[in-house]
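Below you'll find only one chain, the form predicted on its own, shown as C-alpha cells.
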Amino acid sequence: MMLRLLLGSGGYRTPERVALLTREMRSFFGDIHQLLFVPYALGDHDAYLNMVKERGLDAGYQIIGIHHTANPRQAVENAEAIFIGGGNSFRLLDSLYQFDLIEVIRQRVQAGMPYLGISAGTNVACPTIMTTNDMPIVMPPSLQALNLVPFQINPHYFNLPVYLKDGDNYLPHFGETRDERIGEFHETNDVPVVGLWEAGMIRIEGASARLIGTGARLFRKGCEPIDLQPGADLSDLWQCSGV
C-alpha cells in the first residue's frame, strides 16, 4: 500500500486559510466517510473536537474523537483515516505512548491509512519531536515519534525580523531566530529539517512529496538553507540518510 500523509503547519485562522485546508482535505481523503480525530495535544478534548467542527476544519467529514472510544488502539485499527490535531507536542506524544498507540498508528499508516497532521500532529509524524516549538509541559517516555517520514518539520516557521510595539515606536526584539535553533539541532543531528510557514502543507503520496499553499525553508546539515516555493517537489528528502 502507498504511504499517504497531509502534514500542515497550522495557522488556519482566516477564511482563506480554512478554505485552503478543507480543499486539500477533500482532495486528499476523497470518498472516505469518517475521520478519527486525536485531540491529545490540548487539555480539553471535547472543546477541541467541537472547535474543529464549528470552524469547518472537518471539511464536511464525519469526525469521531478517539477519547470517546472505549479502546483507542482498536479505534485506530478500525479507522478509515486519522486526523491528529495541534497543540503541545510533548503532551500529544506522551498520550500516544500512554495509550500504546505509537506502533499501531505507524503500522496502519504504513499500510495505507491516510494521515492528516496539523502542527503538533505534524511534529509527531517525524522521526522525533526535537524540532517542535513547544515547551516540555510533560515529559514523554521518549522524544522518538511515529517516524513516518525521513525528515523533521518545524511548523509555524518564519525568518522575518521581529519588532515589539512600544507606544508609537517599534523596537527590534533581538531574540533567537528559528534558523539559529535549527542550526543548533544540526550541531548534533543529521536529519534534514523543513521549516514550514503558516498555513503551508506537505502532501506525501508514496515517495512523492509536494509543498502546498505557502513557502518553506529546507535545512541540511553543513549546507546553506534553501527557500522553497509552493508546488516545490520534496521527493528527494526520501533519499536522506540519518533516520
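Heads up: residue numbers just count along the shown sequence, starting at 1. Worth saying up front: this structure is predicted, and the values here are computed from it rather than measured.
The same protein also has a form predicted in complex with another copy of the chain, omitted here; what follows describes it.
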{"property": "Proximity of Val76 to another copy of the chain in the model of the complex, heavy atoms at 4.5 Å", "result": "no"}
{"property": "is_contact(Ser95, another copy of the chain) in the model of the complex, heavy atom dist at most 4.5 Å", "result": "no"}
{"property": "is_contact(Phe185, another copy of the chain) in the model of the complex, heavy atom dist at most 4.5 Å", "result": "yes"}
{"property": "4.5 angstroms heavy atom contact with another copy of the chain in the model of the complex for Gly60", "result": "no"}
{"property": "Partner-proximal stretch of 170-178, 212-220, 30-38, 62-70 relative to another copy of the chain in the model of the complex, 4.5 angstroms, heavy atom", "result": "170-178"}
{"property": "In the model of the complex: members of 75-91 within 4.5 Å of another copy of the chain, any heavy atom", "result": "Gly87, Asn88, Phe90, Arg91"}
